[in-house]
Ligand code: ADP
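This document opens with one chain alone, in structure tokens, the form predicted on its own.
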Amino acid sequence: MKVIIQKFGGTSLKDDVGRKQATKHIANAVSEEYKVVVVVSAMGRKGDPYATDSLLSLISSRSIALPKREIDLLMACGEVISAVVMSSLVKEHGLSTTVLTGVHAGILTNNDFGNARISEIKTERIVSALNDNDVVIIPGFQGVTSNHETTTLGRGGSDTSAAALGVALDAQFIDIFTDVEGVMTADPAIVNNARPLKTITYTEVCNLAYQGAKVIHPRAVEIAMPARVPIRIRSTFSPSNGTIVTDKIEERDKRNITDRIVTGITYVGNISQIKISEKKNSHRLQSEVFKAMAEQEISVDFINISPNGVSYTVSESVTEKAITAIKQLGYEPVVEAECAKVSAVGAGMTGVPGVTAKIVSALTNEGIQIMQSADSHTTIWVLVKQQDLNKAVNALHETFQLNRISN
């Protein structure tokens, strides 16, 4: 059985135009003799009637907090609605189809309601349904515990569902349909000459996703990568194959992949830098500060630990909460608000001297202050002021000549 996974996000399914385009992709895959497993998100985004955020707004004004178990029951509804609507459209195309919820599809998870992890997929019922139908539609973002409780998979849950199903069913491809033409060298809303990439490695797309690119959730890539199931990031509104994510680079693409040092520039905006220093007992400071952040459920990033203190970044939305927690420990933090983290990502930079020098020169020539930096084998990060974000992304895109990428 030749299986393909097609995942459609909320923006693709928010209206009849998008849903009909999605149905065309499904019908095309069937015509190519694939058995199609369609994974759907809830239709639309906040404000649309059946989006997950819209469903949550029905209870957000209540003073009594519901258990996470019951909230998961509510959040799973949007994807079920979407699956049934898509089933009706697929049937109109003359294709045979059936809907299997996360429970029916055997997507087993742990008990972490709201952020569950998939432990196993029992594929027997899916395979049976594929034997009897052209298309099986599965609501993304949901699963079931060993004691039959409905769970949701957290942020990027539908991408995660698609990747896990692709691995479990040994799919030919996992297609992630979005509203863009694949992975771009930078955000086209910021860089006018950003280019689409035909190929990219698992590691590169995972790093781009972690550093702000929103084309796919990194957890999905991490699931597909060990099994080497190729991912295609495609536009719902185009017949193009988009960007292929794989480590099996075809011979004609090897030269271009090797030659490009940097693959893409991405960013995370609206963050604050927090610095705390003390001349004595700095080891105690480090322990106390990060313990306090964990207790307040504040995610920290861009961490720099020195003998005399620490610096790190947090989202602007939790900056005041972080400051309060630090002051309660008796420390006086120095805070730089309105910052952004800009990242240059590329598998080709490993072991290549001078990449950091190019980044520093490019930003310095534009009069952009680098407030903090860090690097790994495939990513270099710099912290700049939010007001310099657009200029910094464009400068790095130009420096590494990403507008000339042809693959």
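Note that the coordinates shown come from a computational prediction; the quantities given were computed from them, not determined experimentally. Each residue number is its position in the shown sequence, starting from 1. What we label the rigid core is the largest C-alpha set whose atoms superpose within 1.5 Å from one form to the other.
Although not depicted, the form predicted in complex with the named molecule is the subject of the following passage.
> Since the chain is shown here on its own, which stretch among 327-335, 79-87, 179-187, 106-114 would lie within 4.5 Å of the named molecule in the predicted bound form, judged by heavy atoms?
Among the candidates, contact is made by 179-187.
> Can you tell me whether R45 touches the named molecule? I mean in the predicted bound form, with a 4.5 angstroms heavy atom cut-off.
Contact check for R45: yes, within 4.5 Å of the named molecule in the predicted bound form.
> Test of understanding: in the predicted bound form, would A213 fall inside 4.5 Å of the named molecule by heavy atoms?
Output for A213 is yes: heavy atoms within 4.5 Å of the named molecule.
> Do N390 and the named molecule come within 4.5 Å of each other in the predicted bound form, heavy atoms counted?
The answer is no: N390 has no heavy atom within 4.5 Å of the named molecule.
> Do G18 and the named molecule come within 4.5 Å of each other in the predicted bound form, heavy atoms counted?
Outside the cut-off, so no.
> Quick one: name the residues from 3-33 with any non-hydrogen atom within 4.5 angstroms of the named molecule in the predicted bound form.
Read in sequence order, the residues that approach the named molecule (within 4.5 Å, in the predicted bound form) are K7, G9, G10, T11.
> With both forms fit on the core, has V393 moved 2 Å or more by CA between the shown form and the other one?
Yes; V393 is a residue whose C-alpha shifts (by 2 Å or more) between the shown form and the other one when the cores are overlaid.
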